[in-house]
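Just the one chain here, laid out as structure tokens, in the form predicted on its own.
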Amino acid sequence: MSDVLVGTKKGLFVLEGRPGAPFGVRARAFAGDPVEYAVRDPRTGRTFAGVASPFYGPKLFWTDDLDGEWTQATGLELPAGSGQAFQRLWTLVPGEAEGQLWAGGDPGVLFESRDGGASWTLNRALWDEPSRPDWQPGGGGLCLHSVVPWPGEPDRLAIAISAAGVWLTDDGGASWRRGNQGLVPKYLPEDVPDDEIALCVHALQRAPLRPERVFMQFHGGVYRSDDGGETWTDIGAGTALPSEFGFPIAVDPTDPDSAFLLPLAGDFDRVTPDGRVRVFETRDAGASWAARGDGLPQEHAYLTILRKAFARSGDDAGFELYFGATSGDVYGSGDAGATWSHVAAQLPPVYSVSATG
């Protein structure tokens, strides 16, 4: 059986089933509240949910029993007197050290936990980065949405901020440097000075078997890095992709040359191109892309898939893929994207999807 955690506009839904058939709703939590992101730490089984509130701000909750109580985590706050407030939790990722987790959010902030997610501390080096006053928010705010650890090396980390680009550390976050060489923001005039460019990265994913390889969905571009995020190569232009615009990206855990995209028509028309829902796959590191739509709607289907609503589960050749849309539909594949089926329908608008096999 597989579990799929679906964060929605009206709570967290835990779906359970087998790929190829509809899933059932095993549990629901935080009914009526927006759940921006939910994930389970595969090392411990602990489940986390980032819950938003227009009155109380974002809160992170955790539980070791989906049928039991949830506990609020502590420490997700900004320095007193800063004049800023923690606006939104975007992502939570297990780290490489025991008990370590990372959380990213708005306004471009990174938090670290060393006790399995119960308490958190702000990464001050990134908070105090001298260029921070010049960072520009993307359409969804100044969001730190991607945290990409390096397998087996707790001190090496890549993060992405919309729209402040890619940042890298080799010392566990004590210092940071930019990793944006090669990115071309086609959405800006060519005469914008380099120090004023807002680099709107949409998602990062690392290839587990070749950690120096990182795939990126950019705002109007698809890129690959072969040096851990220092420099980037365009792998979307001139290919079969119907659009270079989109939000999420996923990688094949068994093949560093393989990745998956869910393109949208463009930044002013954020729906699946031509009313067809298709996942695009590369098996040659982005030299070519092929559509995979068997089982997905192919006519008058204008879905919007948000940044955190695409996930994979499993580490073998038959790994699973899942994605959800703001229509409330969730789709899944049990054969690495070759075929798809409807997992759930008529949920509230989907904000995030994560899965465990």
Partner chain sequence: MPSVRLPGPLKKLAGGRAEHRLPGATVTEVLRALAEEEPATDGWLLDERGHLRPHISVFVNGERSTPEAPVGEADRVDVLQAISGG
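Positions refer to the first chain, counted from 1. The structure presented is a predicted model; accordingly, all values stated were derived computationally and were not measured.
Absent from the display: the form predicted together with its partner chain. The rest refers to it.
The closest non-hydrogen atom of residue 174 lies beyond 4.5 Å of its partner chain in the predicted complex. A residue is said to contact a partner when one of its heavy atoms sits within 4.5 Å of a partner heavy atom; residue 319 fails this definition for its partner chain in the predicted complex, lying far away. Put simply, residue 57 is close to its partner chain in the predicted complex: some heavy atom of it is within 4.5 Å.
In the predicted complex, its partner chain sits beyond 4.5 Å of every heavy atom of residue 269. None of 181, 119, 131, 72 but one reaches within 4.5 angstroms of its partner chain in the predicted complex through a heavy atom, and that residue is 72. This chain is drawn without its partner chain; in the predicted complex, the residue among 240, 287, 209, 85 with a heavy atom within 4.5 Å of it is 85.
Checking 328 to 336, 59 to 67, 35 to 43, 299 to 307 against its partner chain in the predicted complex, the stretch whose residues place heavy atoms within 4.5 Å of it is 59 to 67.
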